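This document starts with one chain, in the form predicted alone, laid out as structure tokens.
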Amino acid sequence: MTGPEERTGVLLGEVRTGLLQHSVELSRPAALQLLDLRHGERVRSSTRPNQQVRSPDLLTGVDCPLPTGSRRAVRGVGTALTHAVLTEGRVLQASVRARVGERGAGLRLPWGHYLARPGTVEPTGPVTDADLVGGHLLTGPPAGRLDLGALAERLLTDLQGRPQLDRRAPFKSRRTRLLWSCEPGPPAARFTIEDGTLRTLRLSLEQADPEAVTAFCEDLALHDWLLTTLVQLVDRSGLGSVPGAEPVLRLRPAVNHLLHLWMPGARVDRVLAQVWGHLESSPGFTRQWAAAVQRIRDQLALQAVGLAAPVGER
């Protein structure tokens, strides 16, 4: 029986997002082939509101210390679920999650016990939700503890190295990481930009559907990557400081490959759509995206009528 000081269940996950290393958008048949990760398991795809392909879940057994904010050594045994998502044949994500379930028997049980509970890790000792969340959202390396990010990175690296990709991405970009947690409680969300590539999200919900929460975090990670990458392209273009058509030429990848992908919340569960609404008010994803896109379009319009160059150059 779980004591009053112990946790009742928390979801931990990570999403890594990057540009597919291929010169053109991957076609739907090719995307289905790329994400066919388990023989006999169906690769899911949808075409509305845009094309998205999702691999079946991969099951990975874990038996290691859990990340705890207090640094207490609590062993966890079970399985984590990992899958990949490809949006519009251009943005590739690797997503992993585990529910740290009820306290186990204190000893490792036969693997059949854990395989019957896919995506669940059982702690072998008492640990609180807050301790687990604090440890998982630490930005430093887990130092020998459960590292969900390593599973996501391994899948992403494997897919980017497949022979059907030519590894000639149309522009340079950086991968981003979203570390997330979801614990029982009144609805709340705290999104933090830790540095140039790392973000954390601490969610609490009265009832959490693991698949719905994971899909929400993937949607958030996708749009955070889009916004981050677009801002980087604008910064590198010299827009506002370099005269002539050069900035427009440097921004061409953004127009060709990114601007049509912005659809936040399109595939998010109704309850979690409210969380998206909160994030839209602060930090205001769409507001910043719209400002950057308008700036690019204004520059394109100026170039079209020949007004972008300084007077002395015309």
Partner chain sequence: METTFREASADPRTAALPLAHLSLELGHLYMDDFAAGPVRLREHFARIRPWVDAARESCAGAVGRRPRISTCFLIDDYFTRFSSPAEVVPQIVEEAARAGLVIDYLARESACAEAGPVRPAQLVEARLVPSPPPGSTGSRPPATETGWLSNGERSPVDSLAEAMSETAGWRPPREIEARRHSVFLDVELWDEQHGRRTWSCPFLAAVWQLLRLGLLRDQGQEVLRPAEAPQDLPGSWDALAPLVRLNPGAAPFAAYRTFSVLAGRFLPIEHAVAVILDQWSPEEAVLRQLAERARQEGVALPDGVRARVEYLFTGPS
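Positions refer to the first chain, counted from 1. As the structure is a computational prediction, the values presented were derived from the model and not from experiment.
Just so it is clear, the following notes concern the form predicted together with the partner chain, a form of the same protein that is not shown.
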Given that the partner chain is not shown alongside this chain, does residue 46 nevertheless sit within 4.5 Å of it in the predicted complex, heavy atom to heavy atom? yes
Evaluate residue 28 for contact with the partner chain in the predicted complex, applying a 4.5 angstroms cut-off between non-hydrogen atoms, and reply yes or no. yes
Could you confirm whether residue 73 comes within 4.5 Å of the partner chain in the predicted complex, counting heavy atoms only? no
Closest heavy atom of residue 63 to the partner chain in the predicted complex, within 4.5 Å or not? yes
Is it the case that 42, 59 and 154 all touch the partner chain in the predicted complex, with a non-hydrogen atom of each within 4.5 angstroms? yes
Heavy atoms within 4.5 Å of the partner chain in the predicted complex: which of the stretches 240-248, 124-132, 178-186, 110-118 has them? 110-118
Just one of 94, 146, 86, 221 has a heavy atom within 4.5 angstroms of the partner chain in the predicted complex, so which one? 146
